[in-house]
Structures are given as structure tokens and as C-alpha cells.
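We begin with a single chain expressed as C-alpha cells, specifically the form predicted alone.
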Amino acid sequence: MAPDAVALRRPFPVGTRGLVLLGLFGAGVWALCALDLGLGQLVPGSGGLLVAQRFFGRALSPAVDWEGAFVPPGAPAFLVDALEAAWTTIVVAAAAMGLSLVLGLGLGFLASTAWWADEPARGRSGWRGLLRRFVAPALYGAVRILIGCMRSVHELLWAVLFLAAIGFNPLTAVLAIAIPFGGTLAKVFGEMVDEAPRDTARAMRAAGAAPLQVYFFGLVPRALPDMTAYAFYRFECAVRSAAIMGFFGIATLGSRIQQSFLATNYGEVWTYLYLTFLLVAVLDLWSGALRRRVVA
């Protein structure tokens, strides 16, 4: 093509990113048409509208005592029972997050290329060369497939599986949350370390440090603030997931919400919802303060 023609050629007005966005928008429109969705479906029927009115009408007057006509003998006070359910929710979330951190850190190390791909030329012979050329890439690929399988299945589906295996047990909720969260943490932690600044690592490598020393003392500390922030965010998500596990019979806030909603005790539902909001808000403030200390 002639130079004048190249100079006169106009750049494509949308660009690559614009094309991706247009493609996503087109896919969304196609999905709406394929599912035959319309705004008219958002209008509730008379029965549904009445339920919505009753439910939202109690938003400003949450319950402080049992609303049902029948209260089981020996049942604690309503607010005490709500706090017990909130505590169970936190305990399940903490246990699941602890297990997912173990999985995320261990698999995240294997899902990172930083500890073997940057090996200097002098370390590419002998057993180190064999490790770098064959063993590490194969292990990396296998672990990436594993964590992809772990996080591709939602915690609700894991809960269905473990309910069939071990029944209504808090361990069901812990494992159902920990497996997909562990896979997600492993992926994100590995990528954060791989994308960490390399200046300290290069200096350590030039001084003759071993690859594992470079990884744990040159790269991980640079990625640690972001890893910590993301771990706290996932803990907030774990609290919400632990509450949802109550719909499977685990004694968390979700089970109380389900029981009260089915009994049309909407004031109790709002009390549980506000307690859930409070838990997430407190965790957000606490994690924000800890993140500022870690980053500082």
C-alpha cells in the first residue's frame, strides 16, 4: 500500500475493546430474545403484589420478639436466637475461609510461574533444568485445571453433593464454601505473585539467591498487601455464602430467614436481614482498618 494511502486511512472508530463491548452487548440482546424476556414480566400479579406490600411494609418495623402463634417450648428469646444464628454464620464462614486460605496458598504457589519460569540460565542444567523444562510446566498445567474445576462449580452445587454424602452437618457448609473459594484464591494469589514488581527479585537473583528464596522473600512480600485485601473481601463473601447455606438446613441466618418467610412473619425476616447487613458492614470496617495497617 502506498504511503499516502496509509496516511489517509482513518483508524477504526471503535477499536478492539469497543468491539469486545459491542460483542458482549449483542450477546446480551440475543440472550434476552432467546429467553423471550420482556419488561411486562416484571409486573407482579395481584397476589404477588400483596405479598410484596406486606413484606416491604415491615421494613421499618422489624420484630424484636417471636411473631408466630406457636413458639417451640424452651425456645430462647427471639433476639437471642437471632444472635446465635449470626454467630453460627460467622463460625461457618471463618472455618470455610481458613480452609480455603490453606488451599489457596498451597495451590496458588503451584499455580504461579514465578518460582520456576524466571530461573537464570546457569540454573537450567541438571536436575534444575529438568524441573524447569518438564516437571514444573506439567505440574502448573495440572494445578490450573484443578483450581478451574474447583471454582467453576458454585458452592450451592457443592452443598448439594455434600448433603448427599454427609447429611445436614456444619461440615457440609464449610466444605461447600471452602472448595470454590480455595480455587478462586489459588488463581488470584498465583496471578498476583506473577504480576508483582520484579526489582527485588532481580536483585536477589543477581546475588545468587535460590528460586524459592526469591519467590518467598522477593515476590510474595510485594504481593502480600493485595493478597490480604482480596482475602478479606472473600471473607465477606464467605459470610454471605454461609448465610445462604441456611436454606439447606444448616443453622445459619439463612435457615431463620427461610422459616420466617414461609410462615409470613415478615418482621422476623427483616430482623435477620438487618443483622446480616450489620455483620457485613462490621466486617467491611474491620477489614478496611486491617488493610490500611498492612499496606502502611
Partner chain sequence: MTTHERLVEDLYRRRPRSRFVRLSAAALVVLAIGAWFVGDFPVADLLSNASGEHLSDFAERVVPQPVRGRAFDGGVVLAWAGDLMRTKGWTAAGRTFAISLAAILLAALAGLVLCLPAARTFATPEPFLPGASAPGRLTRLAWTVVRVGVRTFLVFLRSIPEDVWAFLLFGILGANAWPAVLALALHNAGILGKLGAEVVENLPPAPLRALRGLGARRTQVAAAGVFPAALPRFLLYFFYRWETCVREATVLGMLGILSLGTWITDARHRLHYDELVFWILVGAAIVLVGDLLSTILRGAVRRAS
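Residue numbers count along the first chain shown, from 1. Only a predicted model underlies this, so the values are computations on that prediction, with no experimental measurement involved. Just so we're on the same page, rigid core means the largest C-alpha set that superposes within 1.5 Å between forms.
Omitted from view is the form predicted in complex with its partner chain, to which the following refers.
Scanning L79, A142, A75, A165 against its partner chain in the predicted bound form with a 4.5 Å heavy atom cut-off leaves one residue, A165.
Contact with its partner chain in the predicted bound form, defined as a heavy atom within 4.5 Å, holds for exactly one of A209, V135, V153, V71, namely V153. By the 4.5 Å heavy atom rule, the three marked residues A85, S112 and P197 all fail to count as contacting its partner chain in the predicted bound form. Contact check for A63: every heavy atom lies farther than 4.5 Å from its partner chain in the predicted bound form. Its partner chain in the predicted bound form is approached by N169, whose closest heavy atom lies within 4.5 angstroms of it. In the predicted bound form, V174 approaches its partner chain with a heavy atom inside 4.5 Å. Of the heavy atoms in L107, none are within 4.5 Å of its partner chain in the predicted bound form.
Residues Y274, T276, F277, V280, A281, D284, W286, A289, L290, R291, R293 are the members of 274-293 with a non-hydrogen atom no more than 4.5 angstroms from its partner chain in the predicted bound form. In the core-superposed comparison between the shown form and the other one, the C-alpha atom of S287 has shifted by at least 2 angstroms.
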